[in-house]
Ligand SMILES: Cc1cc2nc3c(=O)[nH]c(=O)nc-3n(C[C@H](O)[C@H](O)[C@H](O)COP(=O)(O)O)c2cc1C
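Only one chain comes next, encoded as structure tokens, the form predicted on its own.
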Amino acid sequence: MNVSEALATRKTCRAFKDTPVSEALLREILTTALRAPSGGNLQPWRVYAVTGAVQQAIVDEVQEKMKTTPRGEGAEYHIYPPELTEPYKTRRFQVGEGMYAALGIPREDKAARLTWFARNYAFFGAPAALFFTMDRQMQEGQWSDCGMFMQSIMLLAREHGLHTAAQEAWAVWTPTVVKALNIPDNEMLFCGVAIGYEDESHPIASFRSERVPVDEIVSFHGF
């Protein structure tokens, strides 16, 4: 699979098979991804890979806490801008509506929508996951580096027949994740990434978010 094919087929996978992902394969993907760009070669990221009993313990604890704290414990950063404007507000609304339409969940069925959203915190059934942290001294430039590192991992996952789901939603359970993985105080939890083999039989497998035309976001000068 070439890079164009990996990009074209990458998506947020929301239904995984329980087929295990080996440590050897994850090590290969992560080792290759370390060649991602890094300003000043700071390599500011840290990764915590989980599977099996460790992963399940995190899922179980969050599912229990959601009974009394459904919105989580609070992220340390704004996942979305507090006052999101257009066209971004509409884009976010449309992707949500498209996802629930693929699942056959109508807008008025709030309970079913909340139940589906809660699957974020079970990694959509993925057998393995990665948590990404950043040293607290890092700034915007290093956060963009971390994003490029994550993108490299997700594209390499496609090369190996895997799918991923980048989940900033995990940031709202920072205290739980930090405690479970003994993450030191100088690191801030950024997000999680579910990784595994897609369950292509699930209705959500057919859903892909739209992208705007290139001329809507690109201005060409001097060509």
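Since the model is a prediction, treat every value here as computed from it, not as a measurement. The first residue of the sequence shown is number 1, and the count goes up from there.
Another form exists, predicted in complex with the ligand; not displayed. Remarks below refer to it.
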- prompt: Quick one: is residue 120 in contact with the ligand in the model of the complex, heavy atoms, 4.5 Å cut-off?
  reply: yes
- prompt: Would residue 173 count as touching the ligand in the model of the complex under a 4.5 Å heavy atom rule?
  reply: no
task: Answer yes if any heavy atom of residue 167 is within 4.5 Å of a heavy atom of the ligand in the model of the complex; otherwise answer no.
output: yes
message: in the model of the complex, is there a heavy atom of the ligand that lies within 4.5 Å of any heavy atom of residue 95, even though the partner is absent here?
response: yes
- request: Spot the stretch among 47-55, 185-193, 24-32, 64-72 with residues whose non-hydrogen atoms come within 4.5 Å of the ligand in the model of the complex.
  value: 185-193
- prompt: Which of the residues spanning 195-209 lie within 4.5 Å of the ligand in the model of the complex, based on heavy atoms?
  reply: 209
